[in-house]
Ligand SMILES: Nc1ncnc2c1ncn2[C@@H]1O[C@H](COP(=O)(O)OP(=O)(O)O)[C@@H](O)[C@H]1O
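Here we start with a single chain on its own, the form predicted alone, put down as structure tokens.
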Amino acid sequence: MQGSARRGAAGTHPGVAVPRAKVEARELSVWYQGKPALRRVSLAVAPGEILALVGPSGCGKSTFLRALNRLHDETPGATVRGQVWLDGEPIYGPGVNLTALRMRVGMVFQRPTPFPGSIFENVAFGPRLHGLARGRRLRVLVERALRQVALWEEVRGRLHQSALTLSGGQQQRLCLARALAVDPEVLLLDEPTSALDPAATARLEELLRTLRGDYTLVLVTHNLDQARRLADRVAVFQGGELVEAGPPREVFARPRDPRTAAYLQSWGGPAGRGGSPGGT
């Protein structure tokens, strides 16, 4: 695993400037069928941090997230302008290998999406696809990924059973293990706990904390309490625009933009005590 080699500024305290960005969007805009969904967003993510994207339903946060590994390439009628940089290299342009990009920038979706194969095959899929391992080395890699998400002890005796036999929380941890199995540098998480019960949510949040520093995480969440618990920084979106960004304790307690203040007030006051302000 290359986590220790990519820590970069992971030890930096939240809100302290970092010398370089792991991911940086510049003047990023997205249209669906000619209708604007994201407007000239510029936002950087520091190495090893957890950045939470928050805002009301339809504000553009999931649109922004999916632009970070070019998932909009798969959306008919989507147009992207601007640029995203990964370790200082542009990801939009001719000659970019999308398979290699998505190995470096993994994705976990809102609802668990296990493949209709075995537990083992779900985790082994990526390493096999990319030629990373086979035989005993592949088995070791699968075990390591399942241990990372605290699932190994629960499934070690039934690795060849269908992944669809797992509970919802287990399936989401399996999807996280599947993403980790190819040793990504960045993980994009689109409301990964919205379909889970409170116990499974707490378990997944605990796992995400353990990944801080070894991976750069960008998390879309509709739960302000979750953003406050997990994030080093939050970015507030409204109407397809980035309104402001900063440490949660500052943005939630002393928002600089009146749009952020109004959004937080609608969900329980400046600290967003209402907790769940809606979807993406």
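Quick note: we count residues from 1 along the sequence shown, nothing fancier. Here the structure is a predicted model, which is why all the values come from computation and not from measurement.
Same protein, other form: the form predicted together with this ligand, not shown, and the subject of what follows.
Engineer: If I take 3+ ligand atoms inside 2.4 Å of backbone or C-beta atoms as the clash criterion, is the pocket here open or blocked once this ligand is superimposed from its pose in the predicted complex?
Structural biologist: Here the answer is blocked - the superposed ligand has 3 or more atoms within 2.4 Å of backbone or C-beta atoms.
Engineer: If you check in the predicted complex, do 37, 56 and 61 all have a non-hydrogen atom within 4.5 Å of this ligand?
Structural biologist: Yes: 37, 56 and 61 each sit within 4.5 Å of this ligand in the predicted complex.
Engineer: Only one of 25-33, 224-232, 250-258, 41-49 gets a heavy atom within 4.5 Å of this ligand in the predicted complex; which is it?
Structural biologist: That would be stretch 25-33.
Engineer: Considering this ligand in the predicted complex, which of 75, 194, 113, 161 comes within 4.5 Å of it through any heavy atom?
Structural biologist: Checked against the cut-off, the match is 75.
Engineer: What residues, if any, in 96-117 have a non-hydrogen atom within 4.5 angstroms of this ligand in the predicted complex?
Structural biologist: Residues within 4.5 Å: none in this stretch.
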